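Read on for two forms of one protein chain; each stands alone as structure tokens, with the labels structure 1 and structure 2.
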Structure 1
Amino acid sequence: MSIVLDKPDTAGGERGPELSSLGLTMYRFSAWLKSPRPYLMLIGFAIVLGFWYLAVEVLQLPRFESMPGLTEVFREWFSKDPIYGLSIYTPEYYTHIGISLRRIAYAFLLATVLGVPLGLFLGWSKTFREFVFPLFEVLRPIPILAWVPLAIIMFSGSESPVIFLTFLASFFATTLNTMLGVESIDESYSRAASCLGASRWQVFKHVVIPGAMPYIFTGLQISIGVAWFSLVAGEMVSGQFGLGYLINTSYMMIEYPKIIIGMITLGIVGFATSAMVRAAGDYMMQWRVRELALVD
């Protein structure tokens, strides 16, 4: 349970036939079912949902009574004929999700494509870092949301300001973590490579990039989180469509259950996207997955 500090000590030849990843997953799942964890988890959910139901709809506690109730929200969400016009059966619901996702995709991909190389060079070349990093550090403390009006002024339309904000948040996280990743690489790796005859460029390709990879993916994980954070804010302040916009307009139109539907949807979509980033990281860093699997 606690972090294992020691390196695993298994002789490679003796590992026997590889556990298939499906087999491993099944094994873990059945172990999980036998542990008390799933049941405690259900208790936790029951407490929260039960409290929500009781406080709002049954006991009608002060302040809670004005909130949308549990059954009200779920009835709306799964209704074929929703009162406020939004449920899993209405195309409008998917339009909001799709537009938010599209904005995230543009911003996140752009931030990755620009931020990772920039971070790699910042970490790799001291000269480059000494010139560029201070500027970076001066701009970084300005909260992303403080850029909203300036973004609206600089970019015409309602779409590009929102994407710009989302991009900016991701970009800082990605670049910074990539740079830290390069700095974290043990010097002996690049020394070993140059001993073995690697040129500076080969060191970059074979040591710097793969060595920084774990940090890069930590950065991308953070990046996707702050992207959603900024996107929602951007969509609430300006912009058309999207889940943040849905939440904000539902508030204005006093269609309260839709607020909660929007929030839950955001949680699900946000979780799914960061799971995708993690899966991509695992795919690209087999060596880490296999190391960690031994530690488990």
Structure 2
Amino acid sequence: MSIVLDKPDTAGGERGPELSSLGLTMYRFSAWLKSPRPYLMLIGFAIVLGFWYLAVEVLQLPRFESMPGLTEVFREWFSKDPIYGLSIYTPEYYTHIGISLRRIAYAFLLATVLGVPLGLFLGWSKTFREFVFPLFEVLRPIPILAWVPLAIIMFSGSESPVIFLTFLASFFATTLNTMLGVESIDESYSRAASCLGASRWQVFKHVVIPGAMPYIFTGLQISIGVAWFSLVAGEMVSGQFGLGYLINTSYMMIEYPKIIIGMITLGIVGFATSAMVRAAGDYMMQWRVRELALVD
């Protein structure tokens, strides 16, 4: 399948403007709907939900008999008068989502602002990498939960430690993928630009940054995912409100349907934030979107 990206030649022999970004997006969405992918996705969801229903409510398999069933969870989730006090009709539900989203936004923005430039310079300057990268690699494998005591000591209140813990994992993922993106660029491009008279800064601006962008946005998609993972861990230990706090307190209060509601909500909101990062990447890399449209 291919797509014509240019309008027909005008009377003067000049080619018309390329298809707009909205047109490309609509084309790719239409191609996605015509492909088997959305239907396979629905089948995958149906298999998981069907197994959940059969394992818990019908067969009552070992290790599953104490879990909340599919019908119990969805009845609670969409009830106007929920038994455990949490559903799509209760303000508390949206309070948890809003606070978690706010913490993610702060941590992800900070990780992007600091991680992308650091990763660019780590990949671009060998001297800078020799100074910084060994320390980076020593700190990166430390689990987020190991930082919890220090985070509580260093930051006052309940918000700052959670944001710091969320920032850490996101920062490492963003920085590492950005550095790998710079290292993946063929040196012949930089040499060619230098031979044409480009300064070192111009090479960095016009060759290195655009060349690393696919890796940067791949890293940002990974970053937003690990940010949610770290956020839940932080909220379980040091948070007040938030989806991680909801899951932890529901377990302690033996309100198991609320645990599943919190987990599903995390998945939905996390998927939405990843899609937003992906859309931002497509908007900033129109050349890549056109390339993908041509090979679909």
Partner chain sequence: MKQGTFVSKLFSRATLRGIFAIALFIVIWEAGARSEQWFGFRMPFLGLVPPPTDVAVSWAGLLGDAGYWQSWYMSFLRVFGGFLAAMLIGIPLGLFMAVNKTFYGIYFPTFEIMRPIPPLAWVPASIIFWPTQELSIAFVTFLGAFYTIVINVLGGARSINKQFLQAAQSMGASQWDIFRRIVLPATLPSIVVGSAVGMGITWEVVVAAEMISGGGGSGGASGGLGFFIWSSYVGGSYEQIVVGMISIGIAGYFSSEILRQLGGLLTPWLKTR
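Start at 1 and count along the sequence of structure 1; that gives the residue numbers used here. Just so it is clear, the model here is predicted, and its values are computed rather than measured. Throughout, rigid core stands for the largest set of C-alpha atoms superposing within 1.5 Å between the two forms.
A.B. asks: Any idea which of the pair is the form predicted alone?
C.D. replies: It is the second structure that is the form predicted alone.
A.B. asks: Rigid parts compared between the two structures: Met67 grouped with Thr90?
C.D. replies: Per C-alpha fit, Met67 does not go with Thr90.
A.B. asks: Should the larger rigid part be superposed on its C-alpha atoms, how many degrees would the smaller part be seen to turn between the two structures?
C.D. replies: Rigid-body rotation of the smaller part between the two structures: 13 degrees.
A.B. asks: What is the C-alpha shift for Gln60 between the two structures, rigid core superposed, to one decimal in Å?
C.D. replies: A shift of 3.9 Å.
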